[in-house]
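The form predicted alone is given below as one chain in structure tokens.
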Amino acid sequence: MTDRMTISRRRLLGTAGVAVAMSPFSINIARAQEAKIKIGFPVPLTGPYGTEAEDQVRAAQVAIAEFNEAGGLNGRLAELLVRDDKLNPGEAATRAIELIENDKINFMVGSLSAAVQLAVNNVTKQRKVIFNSISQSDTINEVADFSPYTFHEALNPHMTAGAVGRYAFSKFGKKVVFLTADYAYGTEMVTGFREAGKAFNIEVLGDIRHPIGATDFSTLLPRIQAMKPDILCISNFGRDQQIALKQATDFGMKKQMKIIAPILLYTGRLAAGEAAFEGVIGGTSYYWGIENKIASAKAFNDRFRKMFGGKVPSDYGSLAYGGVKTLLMGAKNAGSVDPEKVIPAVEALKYDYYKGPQFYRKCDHQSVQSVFIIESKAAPKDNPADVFNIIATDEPAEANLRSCEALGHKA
């Protein structure tokens, strides 16, 4: 990642409230400061997912700026309170408690880990604060972790792996090996692939696990080659994914099998380069290139470019934008920040803020939305940001989610 494509943590923390200063409305500044709508935003600015977290902060700032410039909630402006959760559930829980008890936030949005978001959700639901998670998790929708205060703007592994699996298993073969990050993200993605694979009678030849933060896959890749799969599914994230794909490319594995991933990260592709990702197929909740067909994506991208020096938003950045914007729009529609009024207002949203139609399913507050199947390009010809082709789309459909009953919710 070049210096032009990065932003320092200090700058992110320092500019989280910049949108307030930019508001064109003439209002009583002292009153606005006292009455701000505060949104806690814990994300892992340090650690292996730092690049993705930085983009989440940027995109959340876009949502704050748009809300404030539109007059806020009857003149009441919003403020983003960014905290570093260090990709650690305990740290995240501590920061969440501080945001609620010391900073008196109204809403919580954030997280970039299945385990971390569950820790934050446990804090918020006990204290009756609305939390919109912007990280993938199947568990957060299940009745044991869900509460009326829990919303999930992100895709979940069942949706993501299901979409990619249905595409790949119908085209590239039935013999599958998984290379899996050994924590919730990896295991939930593999479960989603296995479930989707039932309809295609896939044969799982192996599921090879590695710890988060792995830097060397050279002892694992020959084992996979010896199994001779049709498909290698690399179910990991961030730098783990970049390193695994680089080494798999070096081992010549793309000539022996099709490599897929549940999620291909825009930031990861930029960091690792075209050779590592070339020909790899995966899923995403958002790719900026949809702006050619979707007006809301064009508007979001243009505002992001304007605020951040011509850069375009990433997939996980867009989730932060949506996660913040839906809660602010819910509050605006409710005319209040009272959770008991905001919850039904958010449930009632039928929105298209950045990627096409979405809505929150009533039983588990999962955002029902499209999943884009993408393939990494060999080399962008004109635009260095144009790194993926969208080769298929799973349109928004509740049928692509686990049923409410399967999650433990009453019909």
Partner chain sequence: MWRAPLQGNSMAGLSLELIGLQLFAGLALGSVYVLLAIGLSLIFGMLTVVNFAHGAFFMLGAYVGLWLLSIGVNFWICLVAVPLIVGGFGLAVERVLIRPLYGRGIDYPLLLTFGLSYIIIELVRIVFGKSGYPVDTPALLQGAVDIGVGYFPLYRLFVMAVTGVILIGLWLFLERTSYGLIIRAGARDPQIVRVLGVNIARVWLMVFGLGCGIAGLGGLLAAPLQGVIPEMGGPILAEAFVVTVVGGMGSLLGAVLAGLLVGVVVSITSLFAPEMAKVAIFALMAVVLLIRPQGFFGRAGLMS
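Quick caveat: nothing in here was measured; it's all calculated off a predicted structure. Positions refer to the first chain, counted from 1.
The form predicted in complex with the partner chain exists for this protein as well; it is not shown, and the discussion that follows is about that form.
In short, of 326-334, 265-273, 156-164, 117-125 it is 265-273 that has heavy atoms within 4.5 Å of the partner chain in the model of the complex. Contact with the partner chain in the model of the complex, defined as a heavy atom within 4.5 Å, is made by none of A35, G71 and I343. The closest heavy atom approach of K298 to the partner chain in the model of the complex falls outside 4.5 Å. Contact check for K258: no non-hydrogen atom falls within 4.5 Å of the partner chain in the model of the complex. For A144, no non-hydrogen atom is located within 4.5 Å of the partner chain in the model of the complex, even though that partner is not displayed. Contact annotation for P148: none of its heavy atoms lies within 4.5 Å of the partner chain in the model of the complex. Checked against the partner chain in the model of the complex, the candidates S170, N292, T219, N102 yield a single residue with a heavy atom inside 4.5 Å, and that residue is T219. Proximity to the partner chain in the model of the complex, defined as a heavy atom within 4.5 Å, singles out one entry of D182, E195, E91, E98, which is D182. Contacts between stretch 194-224 and the partner chain, counted in the model of the complex as any heavy atom lying within 4.5 Å, involve V204, L205, G206, I208, R209, P211, I212, G213, T215, D216, S218, T219, L220, P222, R223, listed in sequence order.
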